[in-house]
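Given as structure tokens, the chain that follows is alone and in the form predicted alone.
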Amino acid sequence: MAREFDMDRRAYLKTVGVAGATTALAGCSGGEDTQVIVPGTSAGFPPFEFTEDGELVGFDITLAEEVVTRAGYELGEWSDISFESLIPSLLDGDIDLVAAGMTINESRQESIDFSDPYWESNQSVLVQEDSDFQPGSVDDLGDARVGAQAGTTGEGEAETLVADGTIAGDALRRYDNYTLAVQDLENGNVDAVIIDQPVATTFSSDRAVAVAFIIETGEEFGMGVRPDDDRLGDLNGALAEVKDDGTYDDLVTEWFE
């Protein structure tokens, strides 16, 4: 995965973020005069968001920065918190935008609004690369210990397996982030991890884990905002522009190829 950056641009955005922090309260208010958007994410989900050399990087990070600035707003300081805390923090006004590989679904749409979709994904089942346990479908999970990140659609898939009796309730292990889940998989503390497909591919290229099979879910990722935020139209317009002028394809190449 390419990890090269336009340092002049990133330095500029960082400077803007520091300046924007002085007006962060205004940015969180969602008022008509607001010019600062404070973004939030949850690192540990490469290549969408993760930390490298102490810096928050990833596809979601660069895409959100591009969309926010093109929409005519200043970028506040990134807030890196647990995935489960993102929607509550958004609704409380601590952040203005969620950019965290978040799937658009009916449950989340009851409390927040989403941008137009920017990514399609399914779920993958990761196992140890050299393990004797190599399931070909969910029916093969049986007595397996299955891990997932709390609050994600991967956890939802695992909970469905518990509900239909495919795996036992005490076999489901929840984690604060997928980096911890995959570490436990490598260490043999779980037998499988259910995780979004592109993230599973990244882990399998860097660690001793492999994708056993795919669960077709047809998910779409979107950026989340509060329902009362009238800046969503500007953000969607900027997202469309990023896709139309080739910038989006450049980011895909940078982070996924």
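Numbers for residues come from their place in the sequence shown, where the first is 1. All values reported here derive from a predicted model rather than from experimental measurement.
We do not show the form predicted together with a small molecule, though everything after this point is about it.
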Only one of 100-108, 69-77, 163-171, 133-141 has residues with a heavy atom within 4.5 Å of the small molecule in the predicted bound form, and that stretch is 100-108
Each of 153, 196 and 219 near the small molecule in the predicted bound form, meaning some heavy atom within 4.5 Å?
yes
Find out whether any non-hydrogen atom of residue 175 is located within 4.5 angstroms of the small molecule in the predicted bound form, and reply yes or no.
no
Classify residue 45 as contacting or not contacting the small molecule in the predicted bound form by the rule of any non-hydrogen atom within 4.5 angstroms, answering yes or no.
yes
